[in-house]
Structures are given as C-alpha cells and as structure tokens.
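One chain comes next, on its own, written as structure tokens: the form predicted on its own.
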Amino acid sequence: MLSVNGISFAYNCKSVLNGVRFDVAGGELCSILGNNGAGKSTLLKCILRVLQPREGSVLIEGEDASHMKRMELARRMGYVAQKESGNARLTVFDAVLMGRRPHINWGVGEKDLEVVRGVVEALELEDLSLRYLDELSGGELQKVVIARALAQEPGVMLLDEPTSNLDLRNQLEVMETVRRAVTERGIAALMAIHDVNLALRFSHKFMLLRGGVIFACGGAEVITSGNIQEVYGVKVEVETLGERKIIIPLQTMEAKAVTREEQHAR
C-alpha cells in the first residue's frame, strides 16, 4: 500500500534522512522509533510532501505520490498531527465532515454525510457529535482528529505522536482506536512515537531510526536489548509479558537501587 524508496533529505546542507527505504502493507500499523532528531517527523513530512526530499520516491498503491495533485493525495492519505489547532467553535460532527473536503465538488452530498455518520459511530463519538471542540478533553479531541482523517477514506494514514500530552487512559483509548481502524479498514499506517512499550502493545511492525538511516525494521523480533541500546543509548532488558514484549530501562532501575543503598547507609 505504501512504499518509500530511498528518501533522503537535508536541512541547510545538514543531512537528516539518508536513503530510507521500507514498505507498509494494508492493515498494518508500523511505528517509527528513535531519539529526538532521528528524523521521524521529517520522514512523515517528506511522505506528505510538506517537505521536498532531495532524492527518492513515495508510492501509494504503486503510484508515484509526486505526480498526484493535492486533492488526489488527500483522498489517498490521511494525517493525524500531535495537537489539533483548528477552529474550536466547530462541532465534532462538522470537524469530522471537514475530512470529506477532498471528495466534495459543489456541496456536501448524502454520501459524505453517510461516511461521517459511519466514522462517528465506529469511533463511538455519537454522544459528542454536537459538542464544540473546545469543550472536549485531550483524548476526545484526538479521537475527533483521527475520525476526520478516516472520513477522507484514505488507504494510507500518517500519525505524528498521536498520544503526546495524553494521560495513560487516553493513550490506551486513542491507540486502540487507531489499531482497530487500521485492521478493520485495511489501512497502511505509519506512526512516529516515543513510547516503545506503547508501540509494542499496538503495532504490527517497527522501524528503528538512528542518524537518519534505518537501523532495523521488522516485527517484534527487532526489538532487542542490543538494538534499543544502539538506537537510544540506554541499557534495557526486554521481557515477555503474555505474548507481548516490554522494555525495562536498566539505568533507571540501577539509579533507584543506588538511591536506596544511600538512604540505607544514612
């Protein structure tokens, strides 16, 4: 569904991405992991054509995205930003309806309303549909942003830190919403995220970025203590809880142990 072929990008002659190449299939959620400055958000912006890569191409269902007009690209690709900055006096229903803009020629049709009603129902936003955006919690607002992207009926979805600044409960609810939409609708989703354990819980595939290049890419097998240390510079243990891996930072645990020993000594 989404193929990125040799994307390279530089800011003011400083290289940020170097020959990044990967695929994301329909029904697959791929998490981009790496330290700040690794190129996660820059990669998403290059795919969106907000930034122009120095070289490389992006294919959506085998078609070159650079040859698509903006409206065509918007029909194919949805985007969820870290934080909503739209018109706070829009109702939830109207905000989701804005996702139909790439499909609307002369006016809103019954098909557009049907799609919006379906998305609102699927994301369980019916009780909020007449509320204004500035009346919502952070988690509710992020679900609305996801719903708006889904109303575009995209084959590809890009998400830039969709759980940033959310509490634990809302993080889990938002990620469950994303994963369910991806699997049920067959969307190829690419997500930049800092929380490795959250990514492990909900993602099908993982891309570890270091210094603008892919250090490792694949399923949960690429999440090893050695790879995490190489990419993040932090010693960790990788444990298995049920059928899922979890990351335990050793440096934090060692620091706590030292603190306890110092307190005991006193």
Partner chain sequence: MRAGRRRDWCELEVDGQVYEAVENVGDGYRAYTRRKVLVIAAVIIAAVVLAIISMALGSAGISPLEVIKALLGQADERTTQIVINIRLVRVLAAVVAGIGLSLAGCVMQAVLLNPLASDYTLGVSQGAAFGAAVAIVATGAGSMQSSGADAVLIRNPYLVTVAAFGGAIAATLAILLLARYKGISPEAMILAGIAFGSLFSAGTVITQYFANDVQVASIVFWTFGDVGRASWRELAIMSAVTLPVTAYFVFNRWNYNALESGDDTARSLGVNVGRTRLMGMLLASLVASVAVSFLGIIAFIGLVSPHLMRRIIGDDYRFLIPGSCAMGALLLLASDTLSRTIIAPVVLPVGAITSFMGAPLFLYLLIRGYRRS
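Please read all numbers here as calculations on a predicted model, not as lab measurements. Positions refer to the first chain, counted from 1.
The same protein also exists as the form predicted together with the partner chain; that form is not shown, yet it is the one meant from here on.
Thinking of M71, W106 and R117 as the candidate spot, does the partner chain come within 4.5 Å of a heavy atom on all of them in the predicted bound form? Every residue of the spot touches the partner chain in the predicted bound form.
Taking the partner chain as it sits in the predicted bound form, is V50 in contact with it (heavy atom to heavy atom, 4.5 Å or less)? Yes, contact at 4.5 Å.
Would P102 count as touching the partner chain in the predicted bound form under a 4.5 Å heavy atom rule? Heavy-atom contact with the partner chain at 4.5 Å: present for P102.
Using heavy atoms and a 4.5 Å limit, would one call Q171 a contact residue for the partner chain in the predicted bound form? Close contact is absent here: in the predicted bound form, Q171 is far from the partner chain, nothing within 4.5 Å, heavy atoms only.
N165, heavy atom within 4.5 angstroms of the partner chain in the predicted bound form: Because no heavy atom of N165 falls inside 4.5 Å of the partner chain in the predicted bound form, the answer is no.
Consider the chain as shown here, without its partner, and state which of L97, M157, I146, V196 has a heavy atom within 4.5 Å of the partner chain in the predicted bound form. Contact residue from the list: L97.
What residues of 123-152, in sequence order, lie within 4.5 Å of the partner chain in the predicted bound form by heavy atom? Sequence-ordered list: E124, E126, D127, S129, L130, R131, Y132, E135, R148, Q152.
So the Cα-Cα distance between V174 and E121 shifts by 3 Å or more in the predicted bound form; is it shorter or longer than what we see here? Distance between the C-alphas of V174 and E121: shorter in the predicted bound form, by 3 Å or more.
Since the Cα-Cα distance for L128 and R185 shifts by 3 angstroms or more in the predicted bound form, is it a contraction (closer) or an expansion (farther)? Their C-alpha distance grows by at least 3 Å in the predicted bound form.
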